[in-house]
Every structure is written in structure tokens, then in C-alpha cells.
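Next comes just one chain, in C-alpha cells: the form predicted alone.
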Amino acid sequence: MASMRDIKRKISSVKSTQKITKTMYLVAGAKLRKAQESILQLRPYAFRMQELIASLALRANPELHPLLAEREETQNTCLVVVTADRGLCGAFNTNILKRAETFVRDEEAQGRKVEIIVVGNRGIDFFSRRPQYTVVHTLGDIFSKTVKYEDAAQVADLITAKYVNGEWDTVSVVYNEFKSAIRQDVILEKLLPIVPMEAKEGELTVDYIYEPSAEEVLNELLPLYFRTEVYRVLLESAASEHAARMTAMDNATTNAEEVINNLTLVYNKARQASITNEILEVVSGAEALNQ
């Protein structure tokens, strides 16, 4: 059985850990408010643009722009894996990486080659220890600060260039979508080619009238849409990370309190037993003197 000194040392250690987890909970909560505000402001614009581009993809001639054209054969696939830069956020990173592994396994089972772009230091560390995966580009330290549109544009332009050159036939992304402070959903979403909306029954899918020309409009609009979509994904992931860390640190603080209470109970029992033994020794000694 541990001595009273050891138990007190354990209580002190757990209390120190509890202070850290509580501080991290407060910091994550403050960051979450800012990240949540950013994604909620972007979503209406991003979703409306999604609708517009999906409608455009339904009506426009896919030969007018390479981001609209669907390849006849899908042999090479790109998967963008978005993780956090740090840990201590529950199953946030684990869920993403498991879903990415499942996707790669399923694609390779169908004879397709999968190349991976990793965003986030946790994902970079994970794939660096697994040479069986083909990682073509990494981007770390993106979530250690406020996510910027320029970072998203960098990733989007890299993907677009390789897709247009024919290196990839499809591009998908796996990330955590922010729902609330206690819920984040792992999403696997196809980015390229752009998926057209489904035509309603009886609806005439007449193409738009473009001014100045269809090529100029598409060349300007589609890259802008794709950068916005990547930016939304990064903001979703940032908000989800802070929410997951806040929940994890709150649970850790609660668990630390339970551990402290249990150790305090053990300490009090040990202290009471020690006092009882001392009393018995004194009584035994007094009785021996009286004899």
C-alpha cells in the first residue's frame, strides 16, 4: 500500500494537471468562439456558391473547362486529409486518419492509385511513419494561427494545377465538419470534378447566357469557387478542432476531480488508520507500565 506521503504527492500532481486542463479548456473556448464566428459568416456565401456552380455544371458544356469534365476512366485519385496541428482533442485526429485509411484501402482494392495531400502536423506525423502511403504534399502549422484565405488558395491552386494536367482523375477531401461544441462529423467529400446538381423532373436544363463569353466567365468563376470551398473546409476543421479540444479538456478536468476525491478518501483512510495505530500503541504502552 502506498504511504501517506506518496498519496499526497499524487494528489498534488493531479491538481497540477487539473489546472492545466482547465486552462486549456478556457483557451479552447475562446478560440472556438472566433473560429465559429468565421465559419458561420462564410457558410452562407460558400453554400450559395455551391448551388450556383452545381447548377452551372448541370447546364454548361463540360468541355468548356477542365474542372467540369468527368474523366472516362478513374485511375489516379487524390485525397486531401485535413487534421489538426496539435493533439489533446479527443478522437478528432484518429477519426480522420481512420477514414482516410479506409478510403485508400477501398480505392486500391478497385485498382486505383491514391496520392495524398496532408494538411496539419498530426496527419504529417502519422503518414511519415507509414511509407506504404504516397504523400505528395504537406502543409503544417496552418491551424496554429488564424486560418487565412491565402493558405486555402495555396492548397487549391496546387490541386487545380495537378488535376488540369491530368495527374489526378478525381479529388476528394476528408475533414471534420463543425456542427456544435459537442458534435463534429467526419465528412468525405468529392471536390473534383465538380458534381452537377440533379435536374428536377420535367425541368429544362437550358444553358445560361454568358457575358462576355462562357470561357472567360468559367475561367474566373470556377477557380474562385474552388478556393472558397477549400477555405470553408479549413475553417470547418479549425472550429471542430477547438470544439473537440474544449470537450476533451472539460472531460479531463472532471476526471481529475474524481481522481482527487478518490485519492483524498484513500489518504483520509490511511491517516485514520495511522492515528488508530498510534492510539493503540499508546494504550498498549500504558497498560504495560501499569502491569
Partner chain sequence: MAAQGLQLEIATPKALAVSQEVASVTVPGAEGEFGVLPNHTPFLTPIRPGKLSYEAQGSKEELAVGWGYAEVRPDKVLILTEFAEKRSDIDPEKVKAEVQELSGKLQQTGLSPEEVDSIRKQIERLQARLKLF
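Positions refer to the first chain, counted from 1. It should be emphasised that the depicted structure is a prediction, and the values quoted were computed from it without experimental measurement.
What follows is about the form predicted together with the partner chain, which we do not show.
- The contact residue chosen from V135, V217, A153, L139 relative to the partner chain in the model of the complex is V217, the criterion being a non-hydrogen atom within 4.5 angstroms.
- For the residues T247, Q36, S55, T253, the 4.5 Å heavy atom test against the partner chain in the model of the complex is passed only by S55.
- In the model of the complex, none of the heavy atoms of P62 sits within 4.5 Å of a heavy atom of the partner chain.
- Put simply, L224 is close to the partner chain in the model of the complex: some heavy atom of it is within 4.5 Å.
- Residue contact with the partner chain in the model of the complex: E51 places a heavy atom within 4.5 Å of it.
- Remark: A109 does not count among the residues lining the partner chain in the model of the complex, judged by a heavy atom distance of 4.5 Å or less.
- Remark: of stretches 64-72, 237-245, 23-31, 40-48, the one touching the partner chain in the model of the complex is 40-48 (heavy atom within 4.5 Å).
- Counting a residue when any of its non-hydrogen atoms is within 4.5 Å of the partner chain in the model of the complex, the hits in 208-227 run Y208, I209, Y210, E211, P212, V217, E220, L221, L224.
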